[in-house]
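In structure tokens, the next block holds one chain alone, the form predicted on its own.
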Amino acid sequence: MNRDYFIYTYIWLDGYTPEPNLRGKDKIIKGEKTLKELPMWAFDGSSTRQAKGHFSDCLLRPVKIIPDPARKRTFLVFCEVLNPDGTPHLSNTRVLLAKQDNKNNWFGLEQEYVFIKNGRPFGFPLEKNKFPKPQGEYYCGVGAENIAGRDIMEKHTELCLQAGIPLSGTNAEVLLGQWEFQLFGQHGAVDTADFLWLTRYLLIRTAESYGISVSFHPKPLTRGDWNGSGLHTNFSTSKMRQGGKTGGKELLAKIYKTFKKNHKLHVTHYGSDNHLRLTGKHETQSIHRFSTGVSDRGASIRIPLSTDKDQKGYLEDRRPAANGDPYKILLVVSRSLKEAKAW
């Protein structure tokens, strides 16, 4: 390729429901561009459930750019979808979150996922009526009998770090072939959610190169004694981190009360089929009940030991499903925090 030209992969969310899919296409442009210098681009919305065939163009507005370490002279460009007149498309959930964003709020997202091969979790016997040994030794495990897909996970992690994505950790999870990465955003909800979508994109594309699929379904296996997959959402505001009279015990109590009041609203934004996961078993609380608990992974809101001890810090919402749209999740979390006067 002529060294004067660069590849910009425009990435967006389609119009499928209840959760969107990631889409992407490459634009070759002369010169290395900043985000502000990148042009708008169009795509066929009739092929993504975002327009009708007789008037099919939708617009892509670049909102974040990172290098693509898997390919030379290439950048990943995350985009918002707009209507032809420049207004936000109905599928654009990002624009709703932007109206409720506070740059001083911190979010940590724990994304669980399962590698899939031939329709089954990677590492499972191919025969549908056969299963590996029960859960117990897979979580943070080591050894070929306990781990499946470590090479894919490690390659993905390295690509994310090279791209500047703020990952804070990874680990094997409770189900064989299930993994988790943690992403920590310190610049508000929109920035964190943007990075999560880009991290998911790199994960799916990395697994693709191995002939492996990625499942974000909250309950990949509905038969048997197997854990589901969540998107545990940690959050704090400047008041919560400060503690004392401004953000101590009384503020935390208000947050618990507000989240309990809004429980039904929250779970409607936390991903589809989540009722299959939130059963009260496998480190979950029932979808029909709200609870808080210190160091309790069976609670709706887990209160970390440090937060309970100091009466300041962060909280973990364990209800969101792995397939949830982070824009929708962080929207209701941000709204409830604002209602509780936590920011």
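Fair warning: this is a prediction, and the values are worked out from it, not measured in the lab. The numbering used is simple: start at 1 and walk along the sequence shown.
Omitted here: the form predicted in complex with a small molecule. The next part is about that form.
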Can you work out whether T199 and the small molecule are in contact in the model of the complex, taking contact to mean some heavy atom pair no more than 4.5 Å apart? no
Applying a 4.5 Å heavy atom distance criterion, does G247 contact the small molecule in the model of the complex? no
Might F235 be said to contact the small molecule in the model of the complex, defining contact as any heavy atom within 4.5 Å? yes
My question is simply whether W41 lines the interface with the small molecule in the model of the complex - judged by any non-hydrogen atom within 4.5 Å. no
Taking the partner as it appears in the model of the complex, which of 180-188, 144-152, 71-79, 251-259 has residues with heavy atoms within 4.5 Å of the small molecule? 180-188
Taking W12, D14 and N83 as the candidate spot, are all three within 4.5 angstroms of the small molecule in the model of the complex by heavy atoms? no
Could you check which residue among F107, Y270, Y113, F195 gets a heavy atom within 4.5 Å of the small molecule in the model of the complex? F107
In the model of the complex, the one of N118, S168, T222, Q162 near the small molecule [non-hydrogen atom within 4.5 angstroms]: S168
